[in-house]
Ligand SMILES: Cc1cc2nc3c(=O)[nH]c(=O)nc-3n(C[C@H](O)[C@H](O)[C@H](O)COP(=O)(O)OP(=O)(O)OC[C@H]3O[C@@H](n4cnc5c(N)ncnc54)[C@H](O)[C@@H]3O)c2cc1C
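Next comes just one chain, in structure tokens: the form predicted on its own.
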């Protein structure tokens, strides 16, 4: 049996951010990250749409995203290794929620909350919407909620940036699947791999994303999270748009943005919980394309060029992350249930978990509202801005 001081299950953006942050604040114990998918083919990180926004409706989500935004703005230089920049293609082209008349009151309330945290969100008139997207069909729209600081990036490059820097600082990555967390008398003692090998550690952090709920179930800790499939489509237009798009969310929930000279789009359709990576192009052709073509005439003639499916680790209780230690299982920590906004919050979450483990408390951002015990405390953090 091998030993480690900290074991992290899941080497995606959340696990790698946490490993890197532990090293950066001074933790010098042995850290092992187990990642069952070494090329990240099915990782939620690599299949993410890459949107970065501060347009949330809860204090903690706004704080997390604002912190993470500052990290991403300087990521390429601060995460450079031996003079090679960690390019993540962060494009601050804005984030835009289009709104009907009955949505503007809610948008105004959100804007006022966001502004208290220095997020420069603003309400836009229909005329101002046309300044951003000249081809926009304004039918059914009264205005929008917009933040020019936000945008989108390459999630895979972010994850690789964290991983490479963590490895440079001595974090060990092992390409094996964890079968179960080993416990004894309500304490974590290590993990057992699918191949039967065991690793001993008094701290295990579950960053396994959509698969994390199953690992938690095995040790009798139920969490209100299940995997949900989310499909993304990419297409060419016969007539290019005049300006680069912000990540734009239609009132129907269909979102779209530029991806190079192509358009990337997605929609949170209703689907059964479970691990499922099948793509149904009928979702695009029958449900999404009519909405897209109606909203922007350039989308009437398109060629679908690519499509894929990823997984949301969806929190059914309040659509927010579950972060920190478990109150009745000593040494068991988690960062799960992000419901689609993990990439936007990974830098802040990694920093927070590192502080909690190393210092015994949060210092940069108080992540206590996202504790596991909020469910039994009836202290939910209800997020309304889910895409």
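Source: prediction; values computed, not measured. Numbering follows the first chain given and starts at 1.
This next part talks about the form predicted in complex with the named molecule, which is not shown.
Exercise for review: Report the stretch among 355-363, 323-331, 22-30, 44-52 that approaches the named molecule in the predicted bound form to within 4.5 Å, counting heavy atoms only.
Suggested key: Checking each option against the 4.5 Å cut-off leaves 44-52.
Practice item. Evaluate residue 143 for contact with the named molecule in the predicted bound form, applying a 4.5 angstroms cut-off between non-hydrogen atoms, and reply yes or no. Key: Residue 143: no contact with the named molecule in the predicted bound form.
Exercise for review: Determine whether any heavy atom of residue 344 comes within 4.5 Å of a heavy atom of the named molecule in the predicted bound form, and answer yes or no.
Suggested key: Residue 344: yes, in contact with the named molecule in the predicted bound form.
Check your understanding: Is there a heavy atom of residue 122 no more than 4.5 Å from a heavy atom of the named molecule in the predicted bound form?
Key -> Looking in the predicted bound form, residue contacts with the named molecule do not include residue 122, since no heavy atom lies within 4.5 Å.
Check your understanding: Might residue 340 be said to contact the named molecule in the predicted bound form, defining contact as any heavy atom within 4.5 Å?
Key -> Because a heavy atom of residue 340 falls inside 4.5 Å of the named molecule in the predicted bound form, the answer is yes.
Exercise for review: Identify, from the list 215, 147, 292, 223, the residue with a heavy atom within 4.5 Å of the named molecule in the predicted bound form.
Suggested key: Answer to the contact question: 215.
Review point. Here the chain is shown alone; which of 311, 98, 188, 296 has a heavy atom within 4.5 Å of the named molecule in the predicted bound form?
Key: Contact check passes for 311.
**Study point:** Any residue of 12-39 that, in the predicted bound form, places a heavy atom within 4.5 Å of the named molecule
**Key:** 12, 13, 14, 15, 34, 35, 36, 37 sit within 4.5 Å of the partner.
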